[in-house]
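This document opens with one chain alone, in structure tokens, the form predicted alone.
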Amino acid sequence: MPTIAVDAMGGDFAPEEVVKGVAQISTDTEIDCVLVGDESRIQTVLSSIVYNPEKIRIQHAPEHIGMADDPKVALKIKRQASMVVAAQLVTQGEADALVTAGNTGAAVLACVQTFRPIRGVKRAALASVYPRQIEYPGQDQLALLLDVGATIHCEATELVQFALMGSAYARRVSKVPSPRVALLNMGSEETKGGDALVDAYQRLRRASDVNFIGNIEGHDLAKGKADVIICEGFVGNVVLKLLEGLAELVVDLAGTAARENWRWKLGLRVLESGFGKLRDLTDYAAYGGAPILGFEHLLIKSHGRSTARAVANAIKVAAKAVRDGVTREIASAIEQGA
């Protein structure tokens, strides 16, 4: 089984929720974990919960990077930060992947500074799954969106490589034999968007190893048209935050309406199972985390508000990705698509 390095000090509820998530993994699975962070604080949490000591090792790291820290400055000054030490354990072969709920920018930079890029990859991408409608029985209820924050603007070559990496990840982790890939654009026509999008469209249309279905617009994101959606990081990050916000808004509005009007309450009881499904689909804790793709090693980035359940699921995602050879699949896809 893989060994996963876990940044114990990353996230809004660290180290308590992170340590509890690792403890859960230690009793429920065969995955080994290395908790990286303030040893005394980690031990304090462990002493109050049930865990399997044979599946957990502690690596002391005297510093940590805060959620509000400037990533470049923090990584330059805090050389012994838990996130950095955890990444080093992976490159040294003491762990197979890294999980952190910490500062996203710092996580991306830690990968850049510590991991080797896969040969031929121009830029790494932060991917994220999100719920959508399904168009046929057995279709994965989650789509993969990338990039969602590792880049600002991209050239056509980088967008094409995002497609190759996203397809490889979906094949291995989501078990989609031929993922349908689309470019997020302002129109479905092949001439829409700037030069980079138009060029990427033409290249993807000619790519024999990508199941490219063309451009999709914003209103198509919630549909099951595409399994992998490609965009620049700035756009992807805005889209991801909008989807999260809308899901929370719908659930909150339903709760408020039920409290203020008995007719709404009666009607919502009829729709209760539907709202329950919506909560389940939009529950980031169930998905664990998002991979940073493009390096020889994997980093799974959990939501900053991750609870123990979210951390545990992120560790499971990391272990699955390692077992299924995601980085090898990506390297092969990039080589063939070069």
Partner chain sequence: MNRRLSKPPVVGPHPVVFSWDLDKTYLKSEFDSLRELVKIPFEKPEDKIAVPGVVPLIRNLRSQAATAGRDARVFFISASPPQIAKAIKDKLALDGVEYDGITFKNQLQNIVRGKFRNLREQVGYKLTELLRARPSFPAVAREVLFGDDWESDPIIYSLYGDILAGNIDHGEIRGILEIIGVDPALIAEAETLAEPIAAIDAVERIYINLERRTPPKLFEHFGARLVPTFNYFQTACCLFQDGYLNLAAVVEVASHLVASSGYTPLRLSNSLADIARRRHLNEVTTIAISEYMHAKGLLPLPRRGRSERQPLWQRIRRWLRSRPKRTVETLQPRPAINYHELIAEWRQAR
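Numbering follows the first chain given and starts at 1. Predicted model only: the values in this text are computed from it and were never measured.
The same protein also exists as the form predicted in complex with its partner chain; that form is not shown, yet it is the one meant from here on.
In plain terms, the part of the chain that comes close to its partner chain in the predicted complex, with a heavy atom within 4.5 Å, is 95-103 out of 197-205, 156-164, 226-234, 95-103. Of the heavy atoms in T91, some are within 4.5 Å of its partner chain in the predicted complex. Taking non-hydrogen atoms only, Y51 approaches its partner chain to within 4.5 angstroms in the predicted complex. Residue contact with its partner chain in the predicted complex: A308 places no heavy atom within 4.5 Å of it.
Looking at E39, you'd find a heavy atom of it within 4.5 angstroms of its partner chain in the predicted complex. Contact check for T3, D32 and Q43: all three have a heavy atom within 4.5 Å of its partner chain in the predicted complex.
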